[in-house]
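Coming up is one lone chain in structure tokens, specifically the form predicted on its own.
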Amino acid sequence: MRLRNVSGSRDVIAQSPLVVHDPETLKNNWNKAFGNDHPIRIEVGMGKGKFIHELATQNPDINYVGIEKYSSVLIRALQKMEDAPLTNLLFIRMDAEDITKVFGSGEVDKIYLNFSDPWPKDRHAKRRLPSREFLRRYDCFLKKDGVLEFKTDNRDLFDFALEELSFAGWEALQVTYDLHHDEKMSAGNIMTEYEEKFSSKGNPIYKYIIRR
């Protein structure tokens, strides 16, 4: 089925072999899903999938899992896979709050967060993907020497994310307040749809790379 102009995205996603429908059953055994023992990296809140699809294309010896909550957005990632199939990329439709049910200890070696929802109200701080609550979740399954990369155009969210590190026992390895003018950190940068949109308007892009 061609996915252009598909209605009923939930039904299409439910039938797609590219979407892992019972991800909890693969906890501690994700290599089985890919049929190899390559490293596993994930993007939490992948949006339409441009970033992770390009990343997987460039790195065929690494397995990627894209996590997205909204069916109306995930369907766009499936369209990209229809146009350019990959064997090292799978998707999960789920709320990121349940992520520790899906990945086991040391199973993931890198996490990507790109242009996450800022949840601007203070009472929603714990829902922000770079919050101390989520950092503790990531700690449950990220390899000991694993890293997390976070990009955003939202300065308030970025400042918040930096402040959260010490509370969760993480440290910053690299930080930039203007990614596209940072020669070192922009090397090999893959832009998301949002990044292309915001940077075209002259907005600076903030990024950090952190570890425990």
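Position 1 is the first residue in the sequence shown; the rest follow in order. In this text, all values refer to a predicted model and were calculated from it rather than measured experimentally.
Keep in mind that the form predicted together with S-adenosylmethionine is missing from the display, and what follows is about it.
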Report the stretch among 33-41, 169-177, 156-164, 64-72 that approaches S-adenosylmethionine in the predicted complex to within 4.5 Å, counting heavy atoms only.
64-72
Of the residues 135, 142, 81, 96, which one places a heavy atom within 4.5 Å of S-adenosylmethionine in the predicted complex?
96
Going by a heavy atom distance of 4.5 Å, is residue 146 a contact of S-adenosylmethionine in the predicted complex?
no
Can any non-hydrogen atom of residue 117 be found within 4.5 angstroms of S-adenosylmethionine in the predicted complex?
yes
Contact label in the predicted complex: residue 192 to S-adenosylmethionine, heavy atom within 4.5 Å:
yes
Pick out the residues of 46-61 whose heavy atoms come within 4.5 Å of S-adenosylmethionine in the predicted complex.
46, 47
